[in-house]
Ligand code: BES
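Quick heads-up: it's one chain on its own, the form predicted alone, in structure tokens.
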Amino acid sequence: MNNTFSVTLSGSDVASLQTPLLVVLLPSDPTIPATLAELDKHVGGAISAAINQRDFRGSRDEILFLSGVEGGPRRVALLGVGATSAHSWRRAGALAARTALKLGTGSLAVAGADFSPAQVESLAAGLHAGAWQYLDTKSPPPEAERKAPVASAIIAAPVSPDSKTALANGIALGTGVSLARTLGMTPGNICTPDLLAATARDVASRHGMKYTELDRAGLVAEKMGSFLAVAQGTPQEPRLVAIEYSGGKAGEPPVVLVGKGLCFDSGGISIKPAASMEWMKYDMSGAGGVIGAMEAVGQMKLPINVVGVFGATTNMPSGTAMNPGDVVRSQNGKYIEIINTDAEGRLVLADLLSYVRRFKPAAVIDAATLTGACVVALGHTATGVLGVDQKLVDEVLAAGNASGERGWQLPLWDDYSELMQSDVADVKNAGGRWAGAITAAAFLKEFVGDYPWVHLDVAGTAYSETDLGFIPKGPTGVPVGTFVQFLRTRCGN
């Protein structure tokens, strides 16, 4: 993760900013705001000419480079925001930083109209996203071909207590998302259950959170037969991690975030096709989202009690691996028939959802790259959202929409639970070809305690198989934004 990246505010005249790249952000059908009038003069009226001649229209992701100038910014680029929303400003900030990254300028400034505190927050988070790189497992190019990483950015906005707070929140969110993306991008032989646990331990230590970790012996003591069934095929130690943040009133029920942490998923005995199996290193994105959210929560110091929980292991075929037809006993006492060993994430989550009852949660939200069926249903645009507490579902959907991580509710009627009935056990872990995202949630529902619960299937949104322009292909950081926005709304932050 780019730990040295910094974002600051500057209330000085834009035309006098000493920066190698100034990116001017303008919405659709732009006009020149008063804040940019002096800059337009500085570049010989090039901005107004580009707008008046319709050479630049402010469309989303549109970029127009102007000629270099003497004094002040060395390069000026116009970047279209499109229709404005919190997500559009975050996207524009990310694209601005990626532009600086491609040019190798090392730093940049962004300007526009007088950015509101909300826009400052979005821009700060977006700049973090665009500056992010994963270089840990790459050899550096020849010195003559190297480009400087983006180390710093300036947001040209009025400096006030509100804008300073917004900047700090944007940095916190950006840092949390970048942490989740770095964990996701790390190869599975490096991003092991031990690494996920160590990263969570570091977050807890830096922010004064209580940290609990269970290894294989601890899972046995907790009678987590469902989780252990997945872990029995690998020599790596499984890990159950709980991080407790106490920012709210003492004794106030916490919100619990739960994540699936399959550091690599081969499918086990029900092995996956070889093509694209390398993408299964992203099967820990739910756990990465929990860790990233707890990092953001710690930085924001939110006035709410939160517990982040994840289960980490790998799903491998071996002489000790679980087999189709096996029956295991979960922590809450229900017996599970294993129909498909590639439906392993729900086996881990089953015991986690039982485990979190001890926290007496106000709400539980789990996130998992759970089913390919969800990708078939919703593509890579929307997260699948399922639950039986409609009030909580609506809260989660609103949080996702506000954060730019849009979700779509799928039904979770009792009819779907009938598809999970087993001939030899209380429930089976796969319900056949149809409605796979829904039947997976119906399985999870069997292990939910007496608390409001929502399930997020992020299989289509936690990573992208193509370059999206504002971020490269790979991990997106979903569901960090949804988690954090939900918590902020809950505590009125």
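Residue numbers here begin at 1 and follow the sequence given. Just so it is clear, the structure is predicted and the values come from calculations on it, not from any experiment.
Absent from the display: the form predicted together with the named molecule. The rest refers to it.
> Taking 4.5 angstroms as the cut-off for heavy atoms, does Lys164 touch the named molecule in the predicted bound form?
No, Lys164 stays farther than 4.5 Å from the named molecule in the predicted bound form.
> Does any part of Met280 reach within 4.5 Å of the named molecule in the predicted bound form? Heavy atoms only, please.
Met280: yes, in contact with the named molecule in the predicted bound form.
> Report whether the minimum heavy atom distance between Tyr463 and the named molecule in the predicted bound form is within 4.5 Å.
Tyr463: yes, in contact with the named molecule in the predicted bound form.
> Give a yes or no for Asn340: in the predicted bound form, does one of its heavy atoms lie within 4.5 Å of a heavy atom belonging to the named molecule?
Heavy-atom contact with the named molecule at 4.5 Å: present for Asn340.
> Of these, Gly372, Pro149, Pro253, Gly82, which has a heavy atom no more than 4.5 Å from the named molecule in the predicted bound form?
Going through each option in turn, the one that passes is Gly372.
> Can you pick out, from Arg90, Arg346, Arg181, Arg239, the residue that has a heavy atom within 4.5 Å of the named molecule in the predicted bound form?
Of the candidates Arg90, Arg346, Arg181, Arg239, Arg346 is the one lying within 4.5 Å of the named molecule in the predicted bound form.
> Using a 4.5 Å heavy atom cut-off, which stretch among 364-372, 200-208, 385-393, 244-252 contacts the named molecule in the predicted bound form?
Flagged stretch: 364-372.
> Taking only heavy atoms into account, state which residues of 221-241 are within 4.5 Å of the named molecule in the predicted bound form, ordered by sequence.
Heavy-atom contacts within 4.5 Å come from no residue here.
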